[in-house]
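The chain below stands alone and is given in structure tokens; this is the form predicted on its own.
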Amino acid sequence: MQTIITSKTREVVISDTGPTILIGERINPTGKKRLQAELLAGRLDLVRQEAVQQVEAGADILDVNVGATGVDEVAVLPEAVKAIMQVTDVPLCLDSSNPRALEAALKVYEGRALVNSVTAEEASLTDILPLVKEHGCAVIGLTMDEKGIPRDAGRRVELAHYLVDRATRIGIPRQDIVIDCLNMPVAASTDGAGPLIEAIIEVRSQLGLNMTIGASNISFGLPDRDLLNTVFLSFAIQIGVTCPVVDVAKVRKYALAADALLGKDPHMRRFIHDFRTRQKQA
């Protein structure tokens, strides 16, 4: 199953047999007061800076989210997309639940974007899927509905099937649907990451689609977050996540190690090249 995302000059192929594709998470104002302030002021210098730094760290795709209180997403998201395209050529993941903002961004984007995201809520399905179909892009489906994120694995799997059914019914190819089983902080759960891991395994087994996850969400509220995030990322890659959303600078070497051990890096070339590059930099 291959999901192809492009920029004007670069193509990224997401698949279960190729390398793990890393989606950079840093262009997101949640919890970042400086970025929030710049977006409110209409300045995009920090957005450009984050884009360049993430690509230098090894990001394959950049997630672009400008959603913050007081920010006009319809106006700012397309401007952020244009600003990023000025400084890098990696493909983009357009991250918004606002269909008007997504439409505005898709109109200016030069390539085949990944839309983040659609949920199983009727309003989201009705507003987002036609945009995905019209622009011929790919989409991330979140396993949640009007009742929120299910705690049990079984319901998340049901919602994944429902998302695929609704998307394919209007002509979106299966390979253009990426599923996110939604990572809830383990600090708020007595079951740890167990239901999430079970859901990922079942969705991968039953639907065979590419899958993403916000890896850093697992550790909210806990100490030593980087340790928890990297251990979870290794689990996720092993059980079927092919394009996680991550802080690339912190986790890329661990993703490369997981790929090398799982046979997704022939002769461990990428792992060895990265090691040598880090040695030179040190």
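Every value quoted in this text rests on a predicted model; they were computed, and no experiment measured them. Counting begins at 1, following the sequence as shown.
One more form of this protein, predicted together with a further copy of the same chain, exists but is not displayed; see below.
With a further copy of the same chain left out of view, choose which of 130, 173, 194, 208 has a non-hydrogen atom within 4.5 angstroms of it in the model of the complex.
Checking each option against a further copy of the same chain in the model of the complex, the one that comes within 4.5 Å is 194.
Identify, from the list 125, 149, 186, 74, the residue with a heavy atom within 4.5 Å of a further copy of the same chain in the model of the complex.
Contact check passes for 186.
Only one of 38-46, 22-30, 215-223, 63-71 gets a heavy atom within 4.5 Å of a further copy of the same chain in the model of the complex; which is it?
Going through the listed ranges, the match is 215-223.
With a cut-off of 4.5 Å between heavy atoms, is residue 57 one of the residues that contacts a further copy of the same chain in the model of the complex?
Flag for residue 57 set to no.
Contact between residue 263 and a further copy of the same chain in the model of the complex at 4.5 Å, heavy atoms?
Judged by the heavy-atom cut-off of 4.5 Å, residue 263 is in contact with a further copy of the same chain in the model of the complex.
For residue 12, is any heavy atom within 4.5 Å of a further copy of the same chain in the model of the complex, or not?
Result no; residue 12 lies far from a further copy of the same chain in the model of the complex.
With a cut-off of 4.5 Å between heavy atoms, is residue 239 one of the residues that contacts a further copy of the same chain in the model of the complex?
Residue 239 belongs to the contact set for a further copy of the same chain.
At a 4.5 angstroms cut-off on non-hydrogen atoms, which residues of 1-32 are near a further copy of the same chain in the model of the complex? List them in order.
Residues within 4.5 Å: none in this stretch.
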